[in-house]
Each structure stands twice: as C-alpha cells, then as structure tokens.
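The chain below stands alone, shown as structure tokens; this is the form predicted on its own.
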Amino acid sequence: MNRTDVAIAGAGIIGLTTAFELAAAGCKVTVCDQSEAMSEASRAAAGMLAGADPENPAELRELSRLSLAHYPEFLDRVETLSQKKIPIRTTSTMQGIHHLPPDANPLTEPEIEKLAPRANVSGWRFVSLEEKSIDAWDLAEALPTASRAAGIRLRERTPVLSVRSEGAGAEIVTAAGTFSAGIFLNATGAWAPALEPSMPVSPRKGHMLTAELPGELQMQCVLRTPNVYIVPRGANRYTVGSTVEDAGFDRTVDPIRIQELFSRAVDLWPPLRDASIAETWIGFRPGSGDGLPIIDQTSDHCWIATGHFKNGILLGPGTARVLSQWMLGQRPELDLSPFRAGRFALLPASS
C-alpha cells in the first residue's frame, strides 16, 4: 500500500492552502479531489478579502486578522512557484449599512461620488473600508500549479470514498485505489458530509455574473451592501453577487435569478444599466448549521475543515496555519473553540 505523511480530500482553497503549510513543514502531502482543483466554490468566489465586513460574525474576527496578515506572503509564494500573477484588483470597499456604529465616520456625498460615481445612496449610510480583493480565477489558475511545484501530489478526478483510522494513521480508499497516511484532512467543502455524515454542512447555492460596462464612467472600489456586491475586475468588467439558496447541488443557472441579481446591482449603482451580462455561473458554498467554519479533529489521525461559507478565500491562509499547527501536534496560535464541531450539540433542536 502506498503511504504519504498527509492525505487531504478536497483541492479547493482550504485543502490546498493547508497542503502548502504542511509541505513547507517538510510533510509529504497528497491531495485528492473529485473534480479539478479549485473548480468549485473557490473558483466561483468574488475574491473579496472582506475581513472588515460588518456582516461577518464576530467569531471570525481573529481568524480573519491572522489570515490577512499571512496573505502577502501566501500570494508571493504562489506567484513564485507558479510563475503566474495574482494582482490585487481593488484596495478599498464602500460598505452600505442601515445603522452606523457609534464610532463610524460616514462618507459624505462628495466622497461617495468620487469612489462610486452616481451610486444610489437612498436608504443607506456608507463607510470606507481598507479591504483588498483578488480575482478568484487568477488564484484558481495559479494555486494548483504552485502546489505541484511545492512537491504536493495532486490527484484530480480521484474522489475519496471512505477513510478509516487504523494504528498509526488512516486508510484512504479512493476511486483509483487505496493508500495510507499518517494524518487525514476532510476539506471537501459542501461535500464534507459524504465522509462525515454527522456534520451539519450543506451547499448554499449562489448565482453570480460578470457585467461589462462600456464608456469612461467606471468604479475602482468594491461597492457592497447586505443585498448585493459589485467588484471591479479591470477592463471595464465587474463581478456581481450573489444569491443564497438552499437548492442542494442543482447546477442550473436560473435566468430569473440572474436578472434579479443584476437588477439589485443596477439599483445600487445605476450606471450598470448600460452594461451587458457577459458571464453567469453558480457556486456551492459550504454553509454550517450556525454560519461558522467547522475546524476540528474528528477521530484519531483525522481532521475536518469546512463550513467557511462566503469567506473561504479570505480565511484560507489563516485556517491553513492554525490547522497545520494542530495536525502536527503543536498548539494552534488561535483559540479554535468557536469552530469545534461539538458546539452543535448545544444548539436548540429547532436549529
């Protein structure tokens, strides 16, 4: 039987960033994926590094800070190993909220006009956030190449069918055969319950689109409210998202949903009325029972990391750092108790 130090199921952002950390620590790592690497929720994402989003749960604050602190080093390493650029697309976000916190400084109308010309401010107060974004497609193209260059064995179109702790490690059964590993990580996102049926994780289907806007009137910052976000991508293109649907793994792109989403974007930023819809797609974000990630050890030699919902791209490097520390027998530098799976036993039955 072939053996590796670490086996990871799932070659999305969480699986591959964790593989990166473990490989840097000297581990021999094998990553299996049922499809192509970075082809599901990771590629479908808008790429906002939205650590300051007021809609984020407070429990994510420290993990977000850790992840953002490691992002420059992470991107540099991916670019160096892959020889592919991952440019920073935007550096600020104009966030619309209904009720300003006491210490917030709302943007004035001239400031709003400078950042997002002709934005519809009706019903919103806006604040400026120092927040970067990348194009998830850039990362999806570069990270698998960088992973291979880092010595990670990437086995695409090789689903993990079952895992069993045994002796000093785990036995991993895949569609291409069986091998063993010292430790195993389930990082399959919305598909995690296939290997851990008790995990309260399900797909949150999201429709998204790319709009192309001709002309000189453009926007350079992310424009976001709880209802919709508009993310500049360069070359007069904007990513618009997104819906949140409990529709299972239905891959249908619904034109009605797309039009509703586009209408929300036009209502927030009327210049998009002159744009054309160039691309549409859906993604299956892994949503947990309470909206927080699940990061835990599930049995001897086996761990899980899923439930990152809308924040997988943001939380990838931070999750990888603390999880790899734990998997290697070190003390994680953050308290992971808010993300332990056992918390669900404390939820009311109706949850």
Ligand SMILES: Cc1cc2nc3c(=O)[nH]c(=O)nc-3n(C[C@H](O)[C@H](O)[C@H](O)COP(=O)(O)OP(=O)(O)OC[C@H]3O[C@@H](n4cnc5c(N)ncnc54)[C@H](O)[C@@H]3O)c2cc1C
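Keep in mind the model is a prediction, meaning the values are calculated, not measured. Residue numbers here begin at 1 and follow the sequence given.
In what follows, reference is made to the form predicted together with the ligand, a form of this protein that is not presented.
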**Report entry** Single option in 63, 304, 314, 320 placed near the ligand in the predicted complex, where near means a heavy atom within 4.5 Å
**Finding:** 314
Report task. Consider the chain as shown here, without its partner, and state which of 269, 191, 262, 74 has a heavy atom within 4.5 Å of the ligand in the predicted complex. Result -> 191
Query raised in the report: Does any heavy atom of residue 32 come within 4.5 Å of a heavy atom of the ligand in the predicted complex?
Result: yes
Query raised in the report: Do residue 19 and the ligand share at least one heavy atom pair within 4.5 Å in the predicted complex?
Result: no
Query raised in the report: Applying a 4.5 Å heavy atom distance criterion, does residue 293 contact the ligand in the predicted complex?
Result: no
Query raised in the report: Could you tell me if residue 106 has a non-hydrogen atom within 4.5 Å of the ligand in the predicted complex?
Result: no
Query - Complete contact of 42, 160 and 242 with the ligand in the predicted complex (any heavy atom, 4.5 Å) - result: yes
Query raised in the report: In terms of non-hydrogen atoms within 4.5 angstroms, which of the given stretches 276-284, 87-95, 146-154, 114-122 touches the ligand in the predicted complex?
Result: 276-284
Query raised in the report: Counting only heavy atoms, which residues in 5-33 are within 4.5 Å of the ligand in the predicted complex?
Result: 9, 10, 11, 12, 13, 14, 15, 32, 33
